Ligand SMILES: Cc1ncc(COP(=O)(O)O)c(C=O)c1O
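Single chain ahead, written as structure tokens, the form predicted on its own.
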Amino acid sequence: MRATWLEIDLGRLAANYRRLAGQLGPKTRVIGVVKANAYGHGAVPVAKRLLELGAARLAVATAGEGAELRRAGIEAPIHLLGSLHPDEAEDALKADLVPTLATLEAARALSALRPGATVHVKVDTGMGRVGVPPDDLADFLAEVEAMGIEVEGILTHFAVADEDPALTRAQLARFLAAVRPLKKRYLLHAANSAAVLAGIGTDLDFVRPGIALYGLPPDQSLTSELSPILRWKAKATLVKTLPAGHGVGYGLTWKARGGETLATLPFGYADGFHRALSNRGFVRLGREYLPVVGRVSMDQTTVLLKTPPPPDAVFEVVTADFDPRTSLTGRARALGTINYELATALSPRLPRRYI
């Protein structure tokens, strides 16, 4: 136990899941993306709840993430996203994952270890990071299947689904044009969170929502569609009044004018409260915004109080809303980044409580 913790609302997770599932065609199923510790929310409890809600499969980014789910007793198919490196082939197979292929080198590594391994092949329709060029897809599939590998599905990934629907539809058209001439019927999937919310690619075999499941919008215009499922709370470990001229924190970047009351909260940048919030961030106590004063330390942060709090006061470090100062989405905008980064930076050492 610590005097700071995360609360994860699995009821809100269910509401977000149903909101996304309501966008899908009748035969389209959900691959719940739980990579990066379920975007900081806790992979195993979130994954189990998503499967209870009807998700057909899960997806992770590393073989270690997949192995964690297997150790927790999860038996559903788990996709390993990205592009498999040959060095990762053995671990992926040991965890019984469905690797994503984009190179023949990775295919050879799999074939040498397990003839008949099941994979999905990724097509690059415009994002430029990972995937087989559309014009090369048929030849790539022929070579991979000649090695004895079972290609179950084909996927692509959208680059600007949260910004440019027209370009996203163009990517989808390139994807469908690449798979249309193929003689074998493969499972197809393309849509991420933003595409699901926009209704693009939602009639294929699968969709792959991630950030939206957690109530964090991939685009600021979508805040009304979703409910954030995470709160970060803390109790003060010390409340003190400082005399005039007394500094606070490393570098003494803030000094008291005299008589101010401060609270020391037991978290810092090692927990995911970014050092860039020094002297500019806020936490909430009830409806009051309390400014961070001094530098954020690795394990402690100091805030300026308006009135002495009750002994068991609970401060909200992250609020489950779209508050411009204290939500993940609002704070990300203030820091010039995205809510994905702040969510995935939440340290595993923060206890997570599920409600």
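Sequential numbering from 1, following the sequence displayed. Remember, predicted model here, so these are calculated numbers, not experimental data.
A second form of this protein, the form predicted together with the ligand, is not displayed here; the remarks below concern that form.
Chemist: Pick from 299 to 307, 48 to 56, 320 to 328, 34 to 42: which stretch has non-hydrogen atoms within 4.5 Å of the ligand in the predicted complex?
Modeler: That would be 34 to 42.
Chemist: Going by heavy atom distances of 4.5 angstroms or less, which of L172, V151, L204, I211 would be at the interface with the ligand in the predicted complex?
Modeler: Selected option: I211.
Chemist: Could you tell me which one of V119, A178, L81, V144 places a heavy atom within 4.5 Å of the ligand in the predicted complex?
Modeler: Checking each option against the ligand in the predicted complex, the one that comes within 4.5 Å is L81.
Chemist: Is N192 close enough to the ligand in the predicted complex to count, meaning some heavy atom within 4.5 Å?
Modeler: Answer yes; at least one heavy atom of N192 falls within 4.5 Å of the ligand in the predicted complex.
Chemist: Using a 4.5 Å heavy atom cut-off, state whether R129 contacts the ligand in the predicted complex.
Modeler: Although the ligand is absent here, R129 would touch it in the predicted complex, with heavy atoms inside 4.5 Å.
Chemist: Hey, in the predicted complex, does R231 get a heavy atom within 4.5 angstroms of the ligand?
Modeler: Judged by the heavy-atom cut-off of 4.5 Å, R231 is well away from the ligand in the predicted complex.
Chemist: With the ligand taken in the predicted complex, which residues across 331 to 345 come within 4.5 angstroms through any non-hydrogen atom?
Modeler: Sequence-ordered list has one entry, Y340.
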